[in-house]
Structures are given as C-alpha cells and as structure tokens.
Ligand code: NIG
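Here's a solo chain for you in structure tokens, the form predicted alone.
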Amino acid sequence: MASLKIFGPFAELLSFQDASNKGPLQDEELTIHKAYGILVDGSIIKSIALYESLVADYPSIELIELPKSCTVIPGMIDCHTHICFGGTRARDFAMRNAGKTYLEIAKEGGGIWDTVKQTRSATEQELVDLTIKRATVLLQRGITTIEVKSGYGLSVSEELKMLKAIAKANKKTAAELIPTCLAAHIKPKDFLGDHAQYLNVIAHELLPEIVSQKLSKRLDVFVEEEAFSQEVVHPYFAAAKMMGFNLTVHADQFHTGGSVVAVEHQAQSADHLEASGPEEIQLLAGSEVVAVALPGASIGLGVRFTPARQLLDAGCSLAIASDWNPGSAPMGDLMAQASILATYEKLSNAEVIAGVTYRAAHALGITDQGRLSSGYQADFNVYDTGDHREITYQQGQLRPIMVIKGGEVVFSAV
C-alpha cells in the first residue's frame, strides 16, 4: 500500500483509452471523464475511476488533492527533437528573414555545417548541460518523454560524443530521453569520399559501437537532394536493420522521395512531409508508418505546413513534434506549434492532443505511454482549467500547473 497514491479530483480527465491510432478523431468521439481520479501504484497507473470511489476503496493511502476545476491529460511526448547541440544560428534566422535562400546562407557559412562546427567545439559535459537545460524547459511545459537526435557530430568520434551526452543527460533529468542516431544528417564537408562511402563508414564503424555501448536503438536519415538520395540510403538501412535498429526518416521536407524510403523499409515514422502530395499521402496511409508533422520547421522557414488534414482523412496515424533545433525550428514550444498547425490544417482538439500523446508514442514504438489507462506509465499533466479546449485555445500559453512522470510530481506550480 505504501507505493499507492491517488491524484484528483479532476473536472475533466481525457484518457484516450480506446481512441484509434489511425485516421480522423472528432471531438465528439472523446470520452471525457468527470470528477475522476487516478490511482497510481509506483510508476504505473493502477486505475482511473470516480475520485470519491477511489478514496472510499483506499482510505489510508496518500492523496494528491487538486482544485476541482482542473483538467488532466496524458504526459506529452515530443517524438522529434534536436536539443543536443552547441551554439546558435540566430544569424541564419536573420538572413533568412532578410530574403536569403537556404543555399545562400550555407555558402556564407551558415546552415547545418555551422552547428556541426559549434557542436564539435563543445565538450561532452557542455552538451550534457545544454541538453538537460532544454529538456527541463520541455518538461515544465508537460513534455514527459523527449526523442533526442544526434546528427551534429558527423564523424564516428563526434557522434559517439553526442550520444554519450544524451545518455548522461537522461540520467540527470526527470524527463525520459529517447536517443536517435542521425549520423546521416548531411555528408560532412571534411569527409573526402562521396555520400555512399560516408554511409558505409558510419554503418561499419559507428553503428557497431552504438550497439556495443547501448547508446541508441533508433536510426534516422535525411533523405533530401541536399542530403542523401534514396539510392544510397537503401544499403545503409539494410545494414542498420540487420543490427536491430528501428528506423525513422526525415522525409519529403523540400522534395518527395523520403516517404517511399520510409514505407519500403517499414520505418516507425516519416517526419516533415511538407512536400508530400496525393501519391505520398496514399502510400503512407496504406502502411503502418506514422506521419509526423513538424510545424515548428514550417514556422521557422516560412514554408507550407505538413498536409495534416489530408493525411488524417486518408487514414494515416498523425503525430506532431516540435523539431526543436538551432536552425529551422528554434522555438521548441510543442503545444504552441501544434495549436497553430490546427488552425491552418483544421485539426480537432482531439487530433491535436492525440498527436502529442499516444500517437507520438506510437511514432517511437512506445506501447505504455500516451494514454491514461491501467498498466500505462503514470505520466500526466494537470491544467488549471475545467475545460480541456482551453489547452489548444490558448495556443500553448496555458502551462501545466503540475507534471507527473512515473508517478512522481516532477514539476508543480500549485
């Protein structure tokens, strides 16, 4: 009994217990539990039920009492970030807003390579500290699980440094960090061979070390004209799958092709998709690949949003992530971005919250997060409102007053 506790009562509890993984989700389909509480056993949800019934059934356990006007939703999951990096790209942002193109900025010393140089210059401990700092910001906004990519090292030693920094940061933050190897971000300028040769080095020298040191189980690649073509990615992904990596793809950001790679290799997700058209949408809809919209990149670059409405209507599973990175998506505010995406793409509140909770968990292959249900991790956010619609209505400005991760209060403004 010592590990049991009850949180509540809540004016509204959104559990998403039986909500579908794919396709549209209308607000009318949501089950909104009134005057409910959450019974937690250690780090796991034991049950959700009427608060008064829980208190009556468990009269001697710890109560975490909250104002009766509160709303609770599952802890949010940011399934695509780059928060392990050194330096800044404020110069790029100013140049882009002044009319410079991506290629012009890169020629003048900006772009991804600029962040690579700054990240390589940072020590491992500096990257640990920076990652913890950014993870803490996200945690206080209700992001209880955060995917974190490497990809600014772009050599065997520097990618290992990044992944080790993410692993160390994970032990020092209450948020859960999910590491992803993005050594295939771009071909580094200091690599003398071609793209295929670079991926061959990464596959044979870096990936075995990642497996040996248990630094990541996930692999990402940027399929794009300025990065890696479909052709060179195939043998790289094949080698990665043989080593047991789960796959994801930076797909269809500026040109199509990446979504084809994602479907062919049965990736967990295809992320970006701003350039996806009807063919790509139907291809994704016919697969189990989760489509991940990154509205922060659209806002940062001033380009079209992921066709989220079309993807959902076609039957896709749609997750929404922040893409927090120093170049194209420096905001890092998941709910603000998701709410803005909803305005332009006409997404229901249910679709938005699903996209940052259980559907985002699905994009990472996580099966015990993103819903409030028996057996799931006790990760949830409490908001000072009796109406869940205020969360998206206030476009990210309504912050949680309490964040619970693994049954423990990790942030409280109460």
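Remember, predicted model here, so these are calculated numbers, not experimental data. Just count from 1 along the sequence shown to find any residue number.
Same protein, other form: the form predicted in complex with the named molecule, not shown, and the subject of what follows.
Using heavy atoms only and a 4.5 Å cut-off, decide whether all three of 80, 89 and 272 touch the named molecule in the model of the complex. All of them do, each having a heavy atom within 4.5 Å of the partner.
Contact flag, residue 112 vs the named molecule in the model of the complex, heavy atom cut 4.5 Å: Residue 112: yes, in contact with the named molecule in the model of the complex.
Partner proximity in the model of the complex: residue 153 to the named molecule, non-hydrogen atom cutoff 4.5 Å: No, residue 153 is distant from the partner.
With a 4.5 Å heavy atom cut-off, would you call residue 323 a contact of the named molecule in the model of the complex? Flag for residue 323 set to yes.
With the cut-off set at 4.5 Å between non-hydrogen atoms, does residue 93 touch the named molecule in the model of the complex? No, residue 93 stays farther than 4.5 Å from the named molecule in the model of the complex.
So if I measure heavy atom distances to the named molecule in the model of the complex, which of the stretches 164-172, 192-200, 246-254, 259-267 falls within 4.5 Å? Of the options given, it is 246-254.
Which residue among 145, 180, 71, 328 has a heavy atom within 4.5 angstroms of the named molecule in the model of the complex? Going through each option in turn, the one that passes is 328.
Within 4.5 Å of the named molecule in the model of the complex, which residues of 181-207 have a heavy atom? Give them in sequence order, or say none. Contacts from 181-207: just 185.
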